[in-house]
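As a starting point, one isolated chain is supplied in structure tokens, in the form predicted on its own.
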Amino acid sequence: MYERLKKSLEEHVSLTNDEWELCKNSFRPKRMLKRQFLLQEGDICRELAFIEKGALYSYTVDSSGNKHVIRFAFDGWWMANLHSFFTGKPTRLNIEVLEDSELLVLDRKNHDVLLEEIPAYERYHRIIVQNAYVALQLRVENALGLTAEEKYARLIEQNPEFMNRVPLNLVASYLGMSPETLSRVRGNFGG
């Protein structure tokens, strides 16, 4: 069950066998079913989750009960609310399982031990956080400056798996448009 985690680490850093064993033993496997919550609004995020297999998404719910999808995460990606994880403050986000998933979760104590004991893990974590920040910045720029057609084109170019693995109403929410607008835009793209 640790294949994707090992691959993700190896793509960015080199670990000794002992370092890998310490990493591996710091994570706890967790299986979750579709529609279960990894995290709910008001909870404190106490674990980082690495997705070995499956899909999750994070969202907020406004006062009218509408979902606003923030992020999706698939096989080999990380998911958590970093603000809550690092500050210990309650989250405003929900993280829900989109497909039955196999996760590897890492609590704060074990995360801190890995950062302290394995310099390569600290480097890996920095790279992952940097990449997440860049992706978030691009998402904000796209949300603020692109037409519906441009948002959709970028999504299918950068993340084609979204269209095969995510319900269209959630894709529409992620793109900041109504399902009807997404349907029209998809029709213009022939799909």
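One-based numbering along the sequence shown. Remember, predicted model here, so these are calculated numbers, not experimental data.
Quick note: we don't show the form predicted together with the DNA, though the next part is all about it.
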- [ ] Can you check 48-56, 143-151, 24-32, 124-132 and let me know which stretch has heavy atoms within 4.5 Å of the DNA in the model of the complex?
- [x] 143-151
- [ ] Report whether the minimum heavy atom distance between Met177 and the DNA in the model of the complex is within 4.5 Å.
- [x] yes
Task: the DNA contact at Ser14 in the model of the complex, heavy atom, 4.5 Å - done: no
Task: Distance check, Arg4 to the DNA in the model of the complex, heavy atom within 4.5 Å - done: no
TODO: Could you run down 149-168 and flag each residue that has a heavy atom within 4.5 Å of the DNA in the model of the complex?
DONE: Pro167, Leu168
